[in-house]
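First, one chain by itself in structure tokens, the form predicted on its own.
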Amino acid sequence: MKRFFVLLVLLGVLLTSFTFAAKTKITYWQYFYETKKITIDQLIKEFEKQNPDIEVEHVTFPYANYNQKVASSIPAGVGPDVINLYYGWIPKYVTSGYLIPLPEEDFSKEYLQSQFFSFVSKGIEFNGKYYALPIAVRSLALFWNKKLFEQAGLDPEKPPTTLQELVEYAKRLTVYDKKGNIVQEGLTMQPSGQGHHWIREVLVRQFGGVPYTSDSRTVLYDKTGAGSDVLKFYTDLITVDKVGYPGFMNDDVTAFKAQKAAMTIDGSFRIGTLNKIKGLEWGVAELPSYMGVKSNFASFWANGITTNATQDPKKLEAAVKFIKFLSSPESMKLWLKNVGELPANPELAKEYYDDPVYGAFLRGLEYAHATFFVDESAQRQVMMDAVDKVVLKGISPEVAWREAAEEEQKVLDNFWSSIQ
């Protein structure tokens, strides 16, 4: 009898070992953002429950070090099998050899068209192949502080709806000290944040221009529409109207959270953060129009498969399953609830069109554009430099705008020439 029990124990150990050994482990990377980390942990728990033969290791890094960590890991054959990246990084990740195309048998063109907003396909495509899938999408909207509106004698339930009203409201909401220094911004002015998107995809189009050619190879914002009037409008808010300036209280998010900024243009991803601020009574509305023209900027983070996953067919199979799971309607619902980002599936998004918070962002998606960045960091810097030239160096908007177009054209030319 004793020998029988010993054999049973040994058999149990062997079975347990076999089960453990049979698991395929993949590693998932994203940058650290508390609500995103918590939500991915929840999703991994459910994914592993549905796929008991797969284990997912979740690793996060500070945003500031993220790309450096990727660059030093994937080429060495270590690090993530599935990675979360900003869609604007896809060209750079592909040409650096970090990503592989999504398998066409699992992610067909028909699948993408039926499951995601149309701008998603354009954003994840590079040289005719698709490289990543989002859980959620983002757009911009105007956030306002209701208490500060009341203090300025404005109706706290009626935000500005046009650019003219935006300027008028911002002037009334700006507070200065005795020396004329701003102590409360009427409108945040942060081109390093969402400001460069507002300029490029919103103001340029509202003033009658187009930012780039359809193949994203040529800068057009200096050649179409109102040209430098766009930059003049933006910088006048800083230098003439004096309703805010870059770096006030460090950045726009800090100023709005501290109730030292009455209005800010920000993304739907900020909803979760603002909901945690006690005493902050805020509203959100579609971006102000100009001459009846509406425009918006759409963006998203997406999950792609790295070259590491190709080292083992089982890992690649597990990575495909995990990406599909992350982009399912069920994952999108949890992401919206926890993180506040919008469903990437248009049918699911329709369920929230009348929501007092999400509705403004979802309606904005109907006329939004997703910039095809060849180098998001460099292209953002071009727009930041243009603003700095006018605000800090006194260069005219005409000259700064022309130089910005020339600089950004060099970025585009360098990229496209490197892959031809």
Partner chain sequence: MRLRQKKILTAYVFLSVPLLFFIVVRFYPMVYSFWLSFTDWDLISPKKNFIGLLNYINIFKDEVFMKAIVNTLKYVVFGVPAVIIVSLYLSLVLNRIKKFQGFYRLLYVMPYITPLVAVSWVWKWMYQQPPIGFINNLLTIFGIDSQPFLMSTSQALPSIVVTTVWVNLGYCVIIFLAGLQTIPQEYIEAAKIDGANRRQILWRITIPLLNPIIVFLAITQSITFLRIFTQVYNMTDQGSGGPLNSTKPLVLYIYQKAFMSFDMGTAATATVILFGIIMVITLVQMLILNKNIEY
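These numbers were taken from a predicted model, which means no experiment stands behind them. Residue numbers count along the first chain shown, from 1.
Absent from the display: the form predicted together with the partner chain. The rest refers to it.
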Practice prompt. Counting only non-hydrogen atoms, choose the one of 348-356, 362-370, 35-43, 390-398 that falls within 4.5 Å of the partner chain in the predicted complex.
Written response: 390-398
Fill in: the partner chain: the contacting residue among L102, L237, I182, I124 in the predicted complex [heavy atom, 4.5 Å]
I182
Worksheet item: Taking 4.5 angstroms as the cut-off for heavy atoms, does P246 touch the partner chain in the predicted complex?
Response: yes
Worksheet entry | Heavy atom of Q68 within 4.5 Å of the partner chain in the predicted complex | yes
Worksheet item: Heavy atoms within 4.5 Å of the partner chain in the predicted complex: does I54 have any?
Response: no
Worksheet item: How about I26: is it within 4.5 Å of the partner chain in the predicted complex, going by heavy atoms?
Response: no
